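The data below hold one chain only, encoded as structure tokens and taken in the form predicted on its own.
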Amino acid sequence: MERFLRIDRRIIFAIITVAVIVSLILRFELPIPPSEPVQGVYEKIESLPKGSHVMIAFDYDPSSKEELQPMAIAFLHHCFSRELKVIGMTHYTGAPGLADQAMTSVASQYQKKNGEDYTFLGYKPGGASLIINMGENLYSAFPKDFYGNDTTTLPVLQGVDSLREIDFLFDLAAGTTIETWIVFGKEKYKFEFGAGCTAVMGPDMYPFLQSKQLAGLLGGLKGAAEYEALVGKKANAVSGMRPQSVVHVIIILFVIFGNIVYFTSGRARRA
């Protein structure tokens, strides 16, 4: 048994590599039960009446694309399928390309028109001061949208003068923007607020869930996969979770096997 304790780590790496390749080639389904925080975002969108205004903040850049872009796409599918008006913006200089790609690609699948059913306001610096500006007057914060259109003329923004008229705001964050939205936005202007974040940030957001400052939370690729499953649009997140789940199972089996071998060999030596 002791020879198993001296197994070459390259063999373990090879097994993991084969498991990843096989799980990518074989498209088998794994159960994806939704967690309570993800269900919170889903139910909030489900509760909004047709024509409600939803703002999505694309507060991430290409370095976090693999976790947060699937969330954005699944969320947009949900909003457009519910006939909601979508307003996009970002605090990140690297986000406009990702945001525009997500909004236009999903909107085209539902025959939604830019300026009438959705708009992307684009990037503007300022952080907390920008949020306060939007809370007082959205049009002074963004006189023109990402495409150069005068925001005061956009039908999609009719009835929206500030953040106070936003029915739900969803922040996709790779940094500290969730806290900024809560402190300078939600607490001051009283809109409903949900978020998505990278997996490493997820545990830090749970106090905001417990205090009801967040209506729901999508954490990492797992949260994105759960949301895709809820809205019936299984795509990149679900595909990404398949090899990740398989590898996690293999690692757990290695840990269990290693402990069995260790304690068994210890008893044999004492005997």
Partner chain sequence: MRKDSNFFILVGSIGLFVCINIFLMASGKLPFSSDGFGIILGAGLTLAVYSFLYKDNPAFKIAENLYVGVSLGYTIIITWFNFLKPDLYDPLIVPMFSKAAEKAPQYALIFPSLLGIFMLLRFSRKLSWLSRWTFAFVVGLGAGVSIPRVISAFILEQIKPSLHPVFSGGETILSSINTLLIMLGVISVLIYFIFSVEHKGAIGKMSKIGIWFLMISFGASFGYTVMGRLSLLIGRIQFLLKDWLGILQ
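Numbering follows the first chain given and starts at 1. Predicted model only: the values in this text are computed from it and were never measured.
What follows is about the form predicted together with its partner chain, which we do not show.
Chemist: Check whether residue 63 has any heavy atom within 4.5 Å of a heavy atom of its partner chain in the predicted complex, and answer yes or no.
Modeler: Within the cut-off, so yes.
Chemist: Does at least one non-hydrogen atom of residue 143 fall within 4.5 angstroms of its partner chain in the predicted complex?
Modeler: So residue 143 counts as contacting its partner chain.
Chemist: Using heavy atoms and a 4.5 Å limit, would one call residue 184 a contact residue for its partner chain in the predicted complex?
Modeler: Answer yes; at least one heavy atom of residue 184 falls within 4.5 Å of its partner chain in the predicted complex.
Chemist: Indicate whether its partner chain has at least one heavy atom within 4.5 Å of a heavy atom of residue 83 in the predicted complex.
Modeler: Close contact is absent here: in the predicted complex, residue 83 is far from its partner chain, nothing within 4.5 Å, heavy atoms only.
Chemist: Which of 39, 244, 52, 47 has a heavy atom within 4.5 Å of its partner chain in the predicted complex?
Modeler: Contact check passes for 244.
Chemist: Please identify, from 155-163, 123-131, 110-118, 74-82, the stretch that has a heavy atom within 4.5 Å of its partner chain in the predicted complex.
Modeler: Looking at the partner contacts, the answer comes out as 123-131.
Chemist: Output the sequence-ordered list of residues from 72-97 with at least one heavy atom within 4.5 Å of its partner chain in the predicted complex.
Modeler: If the 4.5 Å heavy-atom criterion is applied to its partner chain in the predicted complex, 72-97 yields 93, 94, 96, 97.
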